[in-house]
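Listed next as structure tokens is one chain, alone, in the form predicted alone.
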Amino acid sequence: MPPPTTSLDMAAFQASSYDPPFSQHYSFLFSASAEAEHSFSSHESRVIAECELPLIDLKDLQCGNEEERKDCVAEIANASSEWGFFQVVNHGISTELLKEIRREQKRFFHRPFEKKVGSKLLNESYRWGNPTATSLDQFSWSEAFHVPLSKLAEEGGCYEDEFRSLRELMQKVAGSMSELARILAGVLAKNLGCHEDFFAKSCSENTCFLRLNRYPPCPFSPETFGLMPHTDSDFLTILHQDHVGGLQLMKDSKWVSIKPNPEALIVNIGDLFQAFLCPLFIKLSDVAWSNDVYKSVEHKVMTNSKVERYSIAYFLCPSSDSIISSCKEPSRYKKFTFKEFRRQVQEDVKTTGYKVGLSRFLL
């Protein structure tokens, strides 16, 4: 994957219309001197195919008979084991609500840089790129608001009146996605004989997040990351994306491109769920599916040179002192708290530029 550090790319960077603070902060990554020092990671960039994620209709989970519900649970469990990702329809979240927040999201992201970075409306949660990047393979060509749900209910903010509707829509979306995440997490936990109420007890408005993402058109190399390869450091993530595409995930040791379906929500397993449900041997009597572990799968977003891409993600996270351990023995991982996990991730990213993740906690 050639780095976007040619003179043509540098000229495009300097001539681009992106905000001066961004250019000033990241220009060194695109300089000629950075090219000599730059080496890409070992991630295989070649995409073998575009595919559709397993599509699961949730109506049977709520309204079906016992046999239909078991089949739906089996589909969810199979997809979580084989792919670590799946998409859902009839999920209970209003299509009109998602359209409304997308309109407000676009309006907000197209505000001047100074207003976004200084806005107290979203808890000063704005970020552009990756502040810890020291090379282009650690860089993400995207901007986002990563907002604690607890902050959405707070009044105040220097642009409160202008963006009141966005905050109200975010509250509604977060509430709906929170309910869906708890249902799905409970199903997956119960399916392996664990307590499904664990998530209700440890995950609350004070611990979960909503993230608004924008991936601007990228004037550089098409191999530039919109979001660098990673796994999610939570239990479950629920994602609503537009029609543009760009999401890729690791399947059978190769990158596959995910065909976008704006009518569905994408659900993926996070690191904590893989550690929480990591028995080596599982006996299932009432649901037939693979005995594999639910997988937290590496994924990334690639840029588009012509059009911008938007998405909204909900992260189901526990409190900092929640202990993560397997509900079955023997476990592959030692016990750890969410705080310990996040601290280790931050240290690794600061030191190496990359997240190491669960392998740090193997027994």
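We number the residues from 1 along the sequence you see. Keep in mind the model is a prediction, meaning the values are calculated, not measured.
Heads up, the form predicted together with a small molecule isn't pictured, but that's what we're talking about next.
- Remark: Leu53 does not count among the residues lining the small molecule in the predicted complex, judged by a heavy atom distance of 4.5 Å or less.
- Within this chain, Ser322 is remote from the site of the small molecule in the predicted complex, having no heavy atom within 4.5 Å.
- In the predicted complex, at least one heavy atom of Val301 sits within 4.5 Å of the small molecule.
- In the predicted complex, none of the heavy atoms of Trp141 sits within 4.5 Å of a heavy atom of the small molecule.
- Residue in contact with the small molecule in the predicted complex (any heavy atom within 4.5 Å), chosen from Leu247, Ala77, Leu149, Leu166: Leu247.
- Taking a 4.5 Å heavy atom cutoff to the small molecule in the predicted complex, the contact residue among Ala264, Ala189, Leu227, Cys72 is Leu227.
- Contact check at 4.5 Å (heavy atoms) against the small molecule in the predicted complex: all three of Arg211, Asp232 and Arg309 pass.
- With the small molecule omitted here, the record of contacts in the predicted complex names 212-220 of 189-197, 169-177, 212-220, 95-103, defined by a heavy atom within 4.5 Å.
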